[in-house]
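Just the one chain here, the form predicted on its own, laid out as C-alpha cells.
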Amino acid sequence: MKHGPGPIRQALARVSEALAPGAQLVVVGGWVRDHLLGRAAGDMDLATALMPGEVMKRAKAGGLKTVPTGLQHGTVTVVSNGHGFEITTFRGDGDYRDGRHPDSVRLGVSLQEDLARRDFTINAIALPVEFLDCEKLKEKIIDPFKGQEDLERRVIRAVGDPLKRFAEDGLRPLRACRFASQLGFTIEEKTLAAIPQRLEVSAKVSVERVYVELTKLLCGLDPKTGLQLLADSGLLDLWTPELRPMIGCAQNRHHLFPVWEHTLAAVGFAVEEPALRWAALLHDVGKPSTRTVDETGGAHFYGHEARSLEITGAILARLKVGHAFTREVFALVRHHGTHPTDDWSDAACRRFLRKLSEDGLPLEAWGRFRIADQLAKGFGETENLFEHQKVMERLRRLAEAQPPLSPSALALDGKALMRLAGKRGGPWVGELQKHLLEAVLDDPRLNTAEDLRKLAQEWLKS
C-alpha cells in the first residue's frame, strides 16, 4: 500500500478501530524510516499483537474484507475503503537453513522480539498507528535498537550480531550496499566486515532477487559508493565477475580515469533510469579483454563495443532479465561509441538515426547516455556540454524533418514495387527497398512515388 493523502489515513483509522482493543497495531520498518528521513514513503507494513484468526474475526465484524494472503507467516490483508493493508502478527523466526527464509515462525511474541529479527537498526523501528499524525511523532516511536540515532548518523548497522544476521539471510549484505546507495549512508564497521565472511550464504540468493536489488542500488542517490562496496566486499564477484577486470585497467589519453573509475562516474552522471544506469555499468565491460598497447605505449580497445555487448548479454541472461529491458540496454551499449562530429554529412547523420530507430532507441535516450559517458571521461563539463548540445541540436533538426528511416516509410511499398516489376515477390523486393532507402537517406526529397519509380526501374534494368 502506497502512502498517500487523507483517504488512506482514513482507511487505516477504520482498520485500527475495527481491531481495537489490545491490537497494538504498529507501522514497522521502511515506511517509518523514510518518513523520518523526509523521503517519499513507500509500502506501509503493519504488525499487531493479535493472532491472524483474531485479525480476520475483528475485521469482518467491523465490516471489512479480509484476504488470508500469508497465514503461514501470520499475514492477513485487510481491505478498507478500497485500500489493502497487510497486517502481520508479531513473530520470531526459526532457523534459516536455506540462507533466505526461516524454516518456521513463532507467532505471538513481543514487539521487541519481532523487531529483533529484522536486518538493520534503521528498519527495526515501529510507530503505533494512533500516533501517525502526532506533532511529537519521534517521541512515540518504539526503537529498542537505536535506529533513530543511526538515521541521524547516516549509518547502516545490523541488529545484533551482523555475522548472525547475514548467516540467516544472504540478501542482507546486498541490501546493506543498496541502502548505502539509496540513502547516501555509510555501513558501520562491524557490519561491513561481516559481509565477506558470509559470501557463501549470499550465493544462495535467487538471481531474480539479486537483479531487483542491484537495480535499486544502481538507481540510488550514491550508486558509486554502492558499487564500490560490492567490489570491496566480494559481492560483485558472485553475480557479475566480469566487472572485476575493469578495476585497475588503465585507459588512453581520451580518458582521465581507469575503466572502473570511469564506469562509476558514468553511472553517477546517468539519469536515474534503470536501463541508462545498467548500460552505464556495462558499456565498457569489454575493454579489459580487448586492451592492446602500441609501440609508443598508447592503449587501444579495438572491438570493445562488440565484446561489451557479448558480456552484457551474458550478465543479463544470468540475472534472468526480460527481453525488452535487455534490448534497451543492448541498444545503449551498442551505440555508446558513436560520436557524430561537424564533418559528418547530413546523410551520415540520417543513417545514424536509422540505426537508432532499428534498435528502438529514442534519440533523447541516446543523448542522455552519451553526455553521461562524455562527462565521466573527466575533462570538465563546459566543453563537453557545449559540444554535446551542438550534436543534439543537429540530430534533432534532422529528425524533426521526419526522414524515411525504414522501408515502411518509403513512398512505394512492396506491393507497388512488385506491380512495377510485373513479377511476384522474393528476396529481390528487400534488396530493392534497401537500395531505395539508401537513396532517400542521401536525399529525402527523392521519397516520392514518381522519383522512386524511376530509381526502381533503373535498378531493375541493371
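The first residue of the sequence shown is number 1, and the count goes up from there. Just so it is clear, the structure is predicted and the values come from calculations on it, not from any experiment.
Note that the form predicted together with a small molecule isn't included here; everything after this is about it.
Of the residues 62, 403, 30, 407, just one reaches the small molecule in the predicted bound form with a heavy atom at 4.5 Å or closer; this is 30.
When the small molecule is considered in the predicted bound form, only one residue from 351, 304, 224, 175 comes within 4.5 Å through any heavy atom, namely 175. The stretch that touches the small molecule in the predicted bound form, counting heavy atoms within 4.5 Å, is 115-123, out of 115-123, 278-286, 239-247, 75-83. The closest non-hydrogen atom of residue 179 lies within 4.5 Å of the small molecule in the predicted bound form.
Residue contact check for residue 334: none of its heavy atoms lie within 4.5 Å of the small molecule in the predicted bound form.
Although the partner is absent here, residue 209 lies within 4.5 Å of the small molecule in the predicted bound form, judged by heavy atoms.
At least one heavy atom of residue 169 is located within 4.5 Å of the small molecule in the predicted bound form.
Candidate site formed by 34, 45 and 216: every one of these residues places a non-hydrogen atom within 4.5 angstroms of the small molecule in the predicted bound form.
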